[in-house]
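First comes one chain, alone, set out as structure tokens in the form predicted alone.
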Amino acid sequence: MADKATFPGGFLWGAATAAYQIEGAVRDGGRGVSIWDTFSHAPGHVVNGDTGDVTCRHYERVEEDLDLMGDLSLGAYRFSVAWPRVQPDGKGPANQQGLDFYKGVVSGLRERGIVPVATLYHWDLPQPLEDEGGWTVRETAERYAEYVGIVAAALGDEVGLWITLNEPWCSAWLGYGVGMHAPGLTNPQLSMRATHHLLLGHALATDVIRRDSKAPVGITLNLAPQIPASDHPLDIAAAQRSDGGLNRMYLDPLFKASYPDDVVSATESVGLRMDVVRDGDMALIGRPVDFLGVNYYMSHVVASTARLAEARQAGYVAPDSLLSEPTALLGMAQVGRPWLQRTATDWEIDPAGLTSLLVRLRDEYTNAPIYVTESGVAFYDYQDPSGSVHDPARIAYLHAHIKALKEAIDAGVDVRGYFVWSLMDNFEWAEGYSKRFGLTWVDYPTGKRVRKDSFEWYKRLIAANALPS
């Protein structure tokens, strides 16, 4: 029996993956080298020295995976196109083998009644472009628009939704600022430049897509509420600065055609400048999108670094030392809530944060449709002696977050779809194969797929278009 959490007709139930995380076959079909190939092969960057060379073997098992999606009864599948598989050097003519692979994915989805949702950039920049400056130089945004034009012309209106970029904050800051992701640089000033060129690339790509496709175009941001640790003015100000760096630095350009003044002032105060903006850029970036993609995994509680002792007294787990620049320089630190359950990635579980985030986006930024393009969790899954994978904690997580999503819909937010991260276990970036997010277990030595209990639960939810009681 279903409870009152029945979703609107046409609500899009999906699952998501990304090319480097599942495809493997990094030297097959004319594919070029990406920054993640280079980064993962360098010692010390990825847990256990793992790489995406083989991963889930999706490139060779694509028909099996399409059948898996059909069995799950997905309404939509969010995949990413690997730039180096389409343009091995990041410029020049298309690699037809790469285009044909993605044409096959799209046609296979359509044959099964699944809406293809194509992410055009999910972090796998061609290495030759990085060698010329990567996202820190304007030319990469221009090369990106050319690549997008190739893909849009090839796939056209067969794609149901286009996503230009996945999580530009991660590309800019984890890649160029703190070195956790490819290309592994640690220069916050380069992060500022990469932020702008990524957003410019989004804008240029949007124009290109609209020439060749009538499908809606949007962008996906990783967003997280930043909650003050107390009502003390210093904590409130620290949370505001943290919100500026993670959320408003990307939302404001897209929906207000400007970078937030307080963030610009704060970063300039520590020597970081947005020094690559040209006349007309912000108007271009701020033109309307057809939808906003939201990746939600957690909220953060933020304290002023001057008040960490008080945060500990209030029951928070506060860092023993200040965080890396520019966070520490800006006087803010994330503090933990020990009363919340944590995931295998040590992320706090806070479903209510999704509701508040979606309502805020509607109230402060946009009435455009919203899709939750990633939502999921890693736990310590294992196969029991019978070969089954029981993951009740993942089911509870998904139930709670989908319920929170429904509360936002009931509050009037125009949310059109929800995509579980992920369809299958995969290469989880710097975590390698140590973390499993999938609805499907992948036995990496053999590539065998095993449906977890959460797979069957989600299948029943999709069939009912409602949460079970």
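Start at 1 with the first residue shown and count on from there. No experiment lies behind these values; they were computed from the predicted model shown.
One more form of this protein should be noted, the form predicted together with a small molecule, which is absent from this view; the next part is about it.
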Does the small molecule come within 4.5 Å of any heavy atom of residue 123 in the predicted bound form? yes
Residue 21: heavy atom within 4.5 Å of the small molecule in the predicted bound form? yes
Considering non-hydrogen atoms and a 4.5 Å limit, does the small molecule approach residue 347 in the predicted bound form? yes
Might residue 429 be said to contact the small molecule in the predicted bound form, defining contact as any heavy atom within 4.5 Å? yes
Where does the small molecule sit in the predicted bound form: which of 34 to 42, 420 to 428, 52 to 60, 400 to 408, heavy atoms within 4.5 Å? 420 to 428
Quick one: from 243, 374, 391, 130, grab the residue that has a heavy atom within 4.5 Å of the small molecule in the predicted bound form. 374
Among 356, 334, 295, 95, just one has a heavy atom within 4.5 Å of the small molecule in the predicted bound form, namely 295
